Ligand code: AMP
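The form predicted alone is given below as one chain in structure tokens.
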Amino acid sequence: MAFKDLELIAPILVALNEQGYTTPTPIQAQSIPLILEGRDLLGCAQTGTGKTAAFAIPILQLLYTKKTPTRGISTLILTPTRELAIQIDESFAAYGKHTKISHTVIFGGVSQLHQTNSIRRGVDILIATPGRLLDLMQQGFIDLRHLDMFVLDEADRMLDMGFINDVKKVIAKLPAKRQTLFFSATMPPEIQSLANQLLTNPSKVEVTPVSSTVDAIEQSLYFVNKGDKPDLLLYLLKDAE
């Protein structure tokens, strides 16, 4: 299968070709048609599977072919770290190069001035980390009332990094009628519960076994008191020599 077989519009196909991409990865081939149909999606996929393009490409197409003009932020992508947020923003810039669809990225740890100026000018797609998003929402810079699509990326990392309550606060501000895309590498009970709350009759795409481990890696479990961990680590490293 090639990208041209997924009924993508010419501006996106040209951009993909310029990036040297002709063949979709499994998650892209499975997810893109479902998203273009307007379905909610539950994606179980690890980093490095092409997940970002799997949602960025159809989002760009849906916005480009939308019959009515957007009123403010149309799509929100929530991701746990600034590094991931920047990478996602770069992907939208690459795939949407010929669409003139506007996007910006916001994250903490830097001055908000440039970010708020971008939002004031108007954006179709907002990529954000939870803390900075909530901060700017509380300050009145961000209005999500007209949101059409919500993407929660790396949901299990949100949980691991302690962002799950912030995520729930953001979700509480979203319009009930929207398309939601939910991606996580693993599905612990709390993440599964969150997915059940967010998604409506979702399609499921799974490209790797949940919590899969590379075959070449041998795993062992040692029960040890916290204070003894450094000594155990030193013992194991010396034993491996």
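For every residue, the number given is its place in the sequence shown, counted from 1. Given the structure is predicted, the values throughout are model-derived calculations rather than measurements.
Quick note: we don't show the form predicted together with the ligand, though the next part is all about it.
Although the partner is absent from the chain shown here, none of 115, 129 and 163 has a heavy atom within 4.5 Å of the ligand in the predicted complex.
The ligand is not shown here, and in the predicted complex it never comes within 4.5 Å of any heavy atom of residue 193.
Interface residue remark: residue 52 is counted as part of the site for the ligand in the predicted complex, having a heavy atom within 4.5 Å. A residue is said to contact a partner when one of its heavy atoms sits within 4.5 Å of a partner heavy atom; residue 69 fails this definition for the ligand in the predicted complex, lying far away.
Though the partner is left out of this view, residue 65 does not reach within 4.5 Å of the ligand in the predicted complex, counting heavy atoms only. Note on the partner interface in the predicted complex: the residue among 203, 30, 180, 46 having a heavy atom within 4.5 angstroms of the ligand is 46. Screening 22 to 30, 185 to 193, 171 to 179, 36 to 44 for residues having heavy atoms within 4.5 Å of the ligand in the predicted complex returns a single hit, 22 to 30.
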